[in-house]
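Take a look at this one chain, the form predicted on its own, written out in structure tokens.
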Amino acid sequence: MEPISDDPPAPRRFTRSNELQARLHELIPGGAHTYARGADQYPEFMAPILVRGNGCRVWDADGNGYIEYGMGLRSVTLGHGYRPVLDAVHRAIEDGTSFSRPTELELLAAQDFLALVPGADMVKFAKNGSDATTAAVRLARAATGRDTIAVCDQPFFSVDDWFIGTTAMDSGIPSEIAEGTVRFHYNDLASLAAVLESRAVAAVVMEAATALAEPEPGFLQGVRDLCDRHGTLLVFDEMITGFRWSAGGAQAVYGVRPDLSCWGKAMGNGFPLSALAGKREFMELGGLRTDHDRVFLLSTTHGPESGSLAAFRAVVHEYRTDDPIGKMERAGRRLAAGVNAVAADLGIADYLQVLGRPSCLIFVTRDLDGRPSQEFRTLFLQELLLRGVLGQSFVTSAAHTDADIDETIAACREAAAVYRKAIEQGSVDGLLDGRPVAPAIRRRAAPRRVPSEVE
């Protein structure tokens, strides 16, 4: 192991970022358009406001450069400013972006999508993931004549009432709506069976896998069988697994076909696009070839805009002609091995760990008692930021090179040395500046409440 420098990192100033963040709080509730992007998810007064990116590198308003992980909340797999995608978008938008009738590009994009996901017969595009998951819920309720939705005990499915009503941020949502969504446990067929036997369930909504949880043998097929037995639609959320597990999503990896699937994030390498896909017999309920009462499935002005569809087609081309997932996984395996080796060498492997699928890594931070700790997480984030690494996770892209990974491991080595000091003294006192981060979805703004200018 290389010796760890006792010298502090080169100073980084966040003056301009802090000024901009304060202004953002005045104009935008929460100071960001996504809760996961909020300043409360980063060390206090060290939340960079970004101005540009290239590959896996980003720069903030103070001129600080970083190797980025997380890559746009997992939406960027090829790298920021990826030229073939930008070129495709430029060619498309030169001829206009939005029209009063469908374009041939919509047909071509649908063909590309359905070629990747052979279990789906039809697809409809939108702009964000919640549109797709809520459309799937509405469609399942119409197809089955039932109201209840069963969701797996996984973090997030939608900003809409049917799901957010089950979280800590349920203010403004009628209780009867929240009561229409029930939960079951991942890799626990008995818990799902109990739900389906006790309620008339319209849909089971779940991720087939997550960064930390792979399906046990037979689990997904068991879910499929239970849904068939009870006349319930199976909906896979492929927001994260799509284009990270495979171009055909988790359903292609694990070989279980859902009735409906919901896509987004990496479809356009950062350009906004989502999709609802599924079996024809259900999707046609939102079309013009049905004698049943029609479902208001998805109807979005900007869903078929040409820029994002062109980006999607360029992404598909890259996945057909290259191996972005292989590159992400290679970088992830190298990073996880390197950082975990650093933690082991420093004797803190029980407290600081990199875990997960190589293309979707997270880091786990624990306190002296081995409990997950926001304070220790914030300390690690702080030390990484000071050394030019930005990320709430270690989610890689195909743009992360060996040199980027080596630089990250070197930064982690120094950050982990500070982490060890905190473990040795039993707290982050004297090492962490400001308040610790807090869960993005929580009932109150405290412990990271931001005072207004008039207070």
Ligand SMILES: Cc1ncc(COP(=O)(O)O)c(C=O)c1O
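Note that residue numbering begins at 1 and tracks the sequence as displayed. Please read these numbers as outputs of a predicted model, since none were measured by experiment.
Unshown form predicted together with the named molecule; subsequent notes refer to it.
> Which one, 275 to 283, 173 to 181, 237 to 245, 216 to 224, holds residues whose non-hydrogen atoms are within 4.5 Å of the named molecule in the model of the complex?
Replying inline: Contact criterion met by 237 to 245 only.
> the named molecule isn't shown here, but in the model of the complex which of F125, F312, F157, F376 has a heavy atom within 4.5 Å of it?
Replying inline: If I apply the 4.5 Å criterion carefully, the residue I get is F157.
> Of the options Q382, T148, T166, S130, which one has a non-hydrogen atom that comes within 4.5 Å of the named molecule in the model of the complex?
Replying inline: Among Q382, T148, T166, S130, a heavy atom within 4.5 Å of the named molecule in the model of the complex occurs only for S130.
> Quick one: is E207 in contact with the named molecule in the model of the complex, heavy atoms, 4.5 Å cut-off?
Replying inline: Heavy-atom contact with the named molecule at 4.5 Å: present for E207.
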